[in-house]
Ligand SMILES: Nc1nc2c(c(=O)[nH]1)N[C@H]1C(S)=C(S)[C@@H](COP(=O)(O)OP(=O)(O)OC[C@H]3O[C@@H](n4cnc5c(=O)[nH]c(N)nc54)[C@H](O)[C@@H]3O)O[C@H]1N2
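As structure tokens, one chain now follows by itself in the form predicted alone.
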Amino acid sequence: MPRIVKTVCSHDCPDACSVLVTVEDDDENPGGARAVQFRGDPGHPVTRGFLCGKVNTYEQTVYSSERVLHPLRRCGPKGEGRFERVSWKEAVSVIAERINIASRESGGESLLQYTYAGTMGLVNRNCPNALFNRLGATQLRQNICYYGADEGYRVTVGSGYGVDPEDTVHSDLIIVWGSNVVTTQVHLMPFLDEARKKGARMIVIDPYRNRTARVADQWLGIRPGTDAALALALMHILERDGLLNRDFIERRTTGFKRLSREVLPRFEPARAAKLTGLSEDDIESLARELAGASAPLIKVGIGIGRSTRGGGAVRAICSLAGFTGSYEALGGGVQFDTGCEFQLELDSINRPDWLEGEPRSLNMTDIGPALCDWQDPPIRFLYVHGTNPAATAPLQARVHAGLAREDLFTVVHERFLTDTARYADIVLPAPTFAEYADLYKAYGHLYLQYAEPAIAPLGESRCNLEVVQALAKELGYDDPWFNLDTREHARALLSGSHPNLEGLDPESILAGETTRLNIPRKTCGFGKRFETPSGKLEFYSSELEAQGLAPLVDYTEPAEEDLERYPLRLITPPAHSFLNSSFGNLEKARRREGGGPFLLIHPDDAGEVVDGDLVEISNRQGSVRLSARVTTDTNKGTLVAEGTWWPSHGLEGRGINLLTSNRLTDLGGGSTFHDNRVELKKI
């Protein structure tokens, strides 16, 4: 008899969907069960009964013939992907032995855990940190995704959710700035659509006409990295024409006079048009629309932060919303990230108290140079889970060279033989989200969820917690922490006393009840106070000044090198059918994305290139070949390569991140995946 089990999608997405899995008895496996359907939970206030195209056929992922179902040991050259099956006992014994050898001979810093959000489950994502803290390993700074945008937001308006996604229905103007919502946060779209039905216009500001821009009322194709110049020009016009909210500015901001005197005069519309590639008319019109709206919403995407001046861009956009005073309007202001509101007791799972001294740290973007160049000590043991650096990290050639070192022992905990796993000495089988329990927060809504497994783990797959417990036992650690199960760890995470958790019942959450944080509905996130040192929106940041950084919101043109040799800018936004590198192994997903990597090229940049031609783009890091699509969906001077295709699915085994650098953002030290100079030629 079929039964329904509620679980949660673990993939790195703002929506953290509640998923209903239909489970049937498995005739081929007596006593077992099989997941036959995945659908959205209609009772969840944000999931609302539907899933994205990546997950609504998730049974294809769960039962893929390519799943890694048993521990594997390398039996061929690194990178070739030749393995033999071994037992869990043997795999754990070998891993512990190599940890002990590296620690004894080179110290704890020769060990590195390299991880990101392959699972968003709070227990399984974080529990390996405790083990590697106990080992004194090199620490990991997870800056590969959002750090630039997040820091720009934080130093301007502070930590806070800004606009509850459910309140966006009250917006009367929607500006989606640097975010492809249809692809990366599809469960926000019904709320935006409801606002549009009430009369709100939706304008997309993005370097290319993505799926969200195609369904918008207007697309403004801005040059990559010039977002701050546009925001400052809009502020210039609002002040010039007396359209700004002076009452709000006087009550709730600091630094306005200096901004008005020292910065805004430089951003007249004519100059901004030259910088951004937009027309003066479009800039003037957008300023008037902002001024005329009572609750204008700016949906800010993480992608804005992935350029050299990305943090400053988000600062400027948050400041623009301050000029309109929209932070006090229901449905108005900036909608960025709700994750900061889940004030859970993460120390109980990370165990920072086990870390002795101050081991060195690694920025995720520097994994290639670290593996190739670091000495005193070199990285000798690498444990990878929840990420695929051979595909997703910048300086890809160096990453592959580092992973190929014979003196590096690499363990990869994965569901599939990714490009990274093909370099591993040991591959451990990981479960899908349908196969393990965990506690989930979100960064696109305000609900906590706990999920039990829908089915038993396939093959011999084990979740992170089970692997950590097995390794700890083999290493001789007997702390009671290593004996706690997922539910006990989750209960500890929920034990905090933050006001957002007040009144929440941990046992109800652990029973699977979708639970909203203690945040009132229909309340403006920054309606009363900005979480900054001054308690106000800061056009001028004393904190940045103390760090030796520019304290005023501003934009300066970057000092570009080798423009004649590398005249085109390359951006690498998400593909609709992939999630970072997840799902890239599925033939169905690759087919939906055109069958192979492609490059969007504006007709003015194409020369003799026509659709389907093979082209090569190159810079100092190397060269990559892709199929050409000549289109006005991108701007002159901007090339677009959608999706993190696995290098093994690209031409000549090369992925797009061969061309991306490890340069960091102006604020926060984030990655700059959308800030690459290249040249283009037809093959």
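Just so it is clear, the structure is predicted and the values come from calculations on it, not from any experiment. Start at 1 and count along the sequence shown; that's the residue number.
If you look for the form predicted in complex with the named molecule, you will not find it shown, but the lines that follow are about it.
Taking the partner from the other structure, the named molecule in the model of the complex has no heavy atom within 4.5 Å of any heavy atom of residue 486.
The shortest heavy atom separation between residue 382 and the named molecule in the model of the complex exceeds 4.5 Å. Within this chain, residue 225 lines the site of the named molecule in the model of the complex, having a heavy atom no more than 4.5 Å away. Under a 4.5 angstroms non-hydrogen atom cutoff, the named molecule in the model of the complex lacks residue 324 among its neighbouring residues. Between the options 449, 168, 469, 180, the residue in contact with the named molecule in the model of the complex by a heavy atom within 4.5 angstroms is 180. In terms of contact with the named molecule in the model of the complex, the residue from 392, 319, 410, 335 that brings a heavy atom within 4.5 Å is 392.
In the model of the complex, every residue of the candidate spot (54, 304 and 430) has a heavy atom lying within 4.5 Å of the named molecule. Only one segment in the set 234-242, 431-439, 84-92, 472-480 has residues whose heavy atoms sit within 4.5 Å of the named molecule in the model of the complex; it is 431-439. Annotation for 573-590: interface residues with the named molecule in the model of the complex are 573, 574, 575, 576, 578, 579, 580, 581, 582 [heavy atom within 4.5 Å].
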